[in-house]
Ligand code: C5P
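One chain is shown next in structure tokens, namely the form predicted on its own.
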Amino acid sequence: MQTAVSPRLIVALDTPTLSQALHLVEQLLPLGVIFKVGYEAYYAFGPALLNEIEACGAELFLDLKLHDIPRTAAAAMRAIMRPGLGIVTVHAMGGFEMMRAVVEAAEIVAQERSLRVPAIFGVTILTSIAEITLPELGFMGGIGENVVRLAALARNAGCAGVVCSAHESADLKAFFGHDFQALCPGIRPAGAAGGDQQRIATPTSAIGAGADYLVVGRPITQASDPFAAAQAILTEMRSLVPG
């Protein structure tokens, strides 16, 4: 199964210090990757990191998983809008109205400030969750059907796609088509440790399942040579895309 466009590599800047994060940005910038700033980096370094990423012209992914009442989530979206912001996540469990409010807030601010409209992705079932734990969270059925159900809400709310594991992306594409995108964390090169992730996949299997974005953290950021590690993954990804 092929993706509509060439898949992109996202590198998660989950580092203990700001200097390490900035060094990674400097090292990996020539590769054209997207830099993901999640809870750890956002709360620790805030504008100091975001301003540096913006200044170097890289694309930013704010993985903040907005999840609140619609008014508050929309206000948060307005507050984080900035040049270079390409992707933002919201929790699909926040429901249709919340996701729609976030999408609309992004569109309005982008128009008011002449910014690009970031792609909003709904987070479905975290890749750290195994199917056996779904009942204790109140879910009925398997992971795949719950991902599709939440994805339908996200699509109807105007989201560009959803965050899911590569294990669900093939079904996602079958239900919603290639234009509705799959952003897949838990990507590990063959032989790499899974860590706290449960539903992991290699770059090859993720692209084969239709993933549009592959998120890689520790296999790159904790490598002895992060540039070489990222370049190897990019080479693997590009070898799988025709043309």
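Each residue number is its position in the shown sequence, starting from 1. As the structure is a computational prediction, the values presented were derived from the model and not from experiment.
As for the form predicted together with ligand C5P, it is not shown, yet the points below apply to it.
With ligand C5P left out of view, the stretch that reaches within 4.5 Å of it through heavy atoms in the predicted complex is, among 170-178, 201-209, 46-54, 214-222, 214-222.
Remark: none of the three candidate residues (8, 59 and 161) comes within 4.5 Å of ligand C5P in the predicted complex, counting heavy atoms only. Within this chain, residue 126 lines the site of ligand C5P in the predicted complex, having a heavy atom no more than 4.5 Å away. Using a 4.5 Å cutoff between non-hydrogen atoms, residue 67 does not count as a contact of ligand C5P in the predicted complex. Contact check for residue 12: a non-hydrogen atom falls within 4.5 Å of ligand C5P in the predicted complex. The single residue of 25-47 lying near ligand C5P in the predicted complex is 36, the criterion being any heavy atom within 4.5 Å.
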